[in-house]
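Just one chain is shown here, as structure tokens, and it is the form predicted on its own.
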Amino acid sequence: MTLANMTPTSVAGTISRPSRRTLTLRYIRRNKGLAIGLAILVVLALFTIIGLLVIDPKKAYPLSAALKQPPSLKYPFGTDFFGRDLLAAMVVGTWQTAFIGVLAGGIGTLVGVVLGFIAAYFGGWIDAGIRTICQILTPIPVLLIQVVVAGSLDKRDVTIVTMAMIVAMLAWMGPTLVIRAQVLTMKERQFVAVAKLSGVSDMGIIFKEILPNLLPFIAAAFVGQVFGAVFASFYLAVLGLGPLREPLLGNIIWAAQSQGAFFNGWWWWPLEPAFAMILILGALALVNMGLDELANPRVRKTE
């Protein structure tokens, strides 16, 4: 059959659209930064999961190993001044740091998405109130508030979950403003007007029409919030404001600094958690930039 004799239906049948999975893999292959970031996160996840399965977590706490041992076959990551096996501490600390980041980032993103949708879609005094609160709180240094709140708590009351809540306190403002701006643009589009004329309810329009189109923005916002939460937990722990008994990566660096690890020749003690934090934050930054490019057509690269 020649092209001249082919009907539009037959042409459409011969030209198949690539699947979503194919498009996703093609985009990841094109975006090297996103691919590298995802690969690093997968390696860190495997390190933590396998480590928790084969290593006794009790060795991540004081008096569980010989003191101040350099890296060796018995202690691949060495031990610290307090008698912690640093391999176990790195495994548990990486998991705890990731838990704080995901929990705080998830809470901030969820609250931001809900408030952003409510403000933009319903408008009026609700939008004015939410927007005003965000505008008032945004200029306030988040670091200062987190330090004040964490410093006012009894150290015995600070846990991993408590630290995540401290980090998540103001994490919703950024996603709220981003999602609000996107919904304001989206609700004026033709498909939303058609849905309203068709009698679709407000909840139906939000969940079936608008929300699916905002998933790339929400994913990028979530990764950005996880990055901010991990960084916040790190600097709070380095300042000695975290759960001091837990082997958070920031706590390990704080303990090494307080004992003068570099001056005493225990170089492995602070370097290992610092390298892990660089990997985590670098990978999250690469993934965040890749998702932002996916969500924002104006900065998207072409084939």
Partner chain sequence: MSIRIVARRLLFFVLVVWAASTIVFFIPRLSPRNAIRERFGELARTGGFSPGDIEKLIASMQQQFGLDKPLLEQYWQYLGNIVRMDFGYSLSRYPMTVTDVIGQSLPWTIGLLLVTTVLSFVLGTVLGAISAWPKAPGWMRTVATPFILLTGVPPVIMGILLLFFIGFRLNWLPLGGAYSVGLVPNWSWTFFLDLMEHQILPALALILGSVGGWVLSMRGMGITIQGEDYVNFAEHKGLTSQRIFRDYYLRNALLPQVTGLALALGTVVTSAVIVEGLFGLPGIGTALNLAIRANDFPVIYGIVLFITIAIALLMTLLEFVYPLLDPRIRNN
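These numbers were taken from a predicted model, which means no experiment stands behind them. Numbering follows the first chain given and starts at 1.
Unshown form predicted together with its partner chain; subsequent notes refer to it.
Only one of the listed residues (Ser198, Gln190, Gln135, Ser201) places a non-hydrogen atom within 4.5 angstroms of its partner chain in the predicted bound form, and that residue is Gln135. The listed set Gly106, Pro71, Gly151, Pro216 contains one residue whose heavy atoms approach its partner chain in the predicted bound form to within 4.5 Å, identified as Gly151. For the chain shown alone, Ile278 is a contact residue for its partner chain in the predicted bound form, at least one non-hydrogen atom being within 4.5 angstroms. In the predicted bound form, at least one heavy atom of Trp267 sits within 4.5 Å of a heavy atom of its partner chain. Not displayed here, its partner chain is kept clear of Leu248 by more than 4.5 Å at the level of heavy atoms in the predicted bound form. Shown alone here, Val194 lies farther than 4.5 Å from its partner chain in the predicted bound form, counting heavy atoms only. Heavy atoms closer than or equal to 4.5 Å to its partner chain in the predicted bound form belong, across 195-224, to no residue whatsoever.
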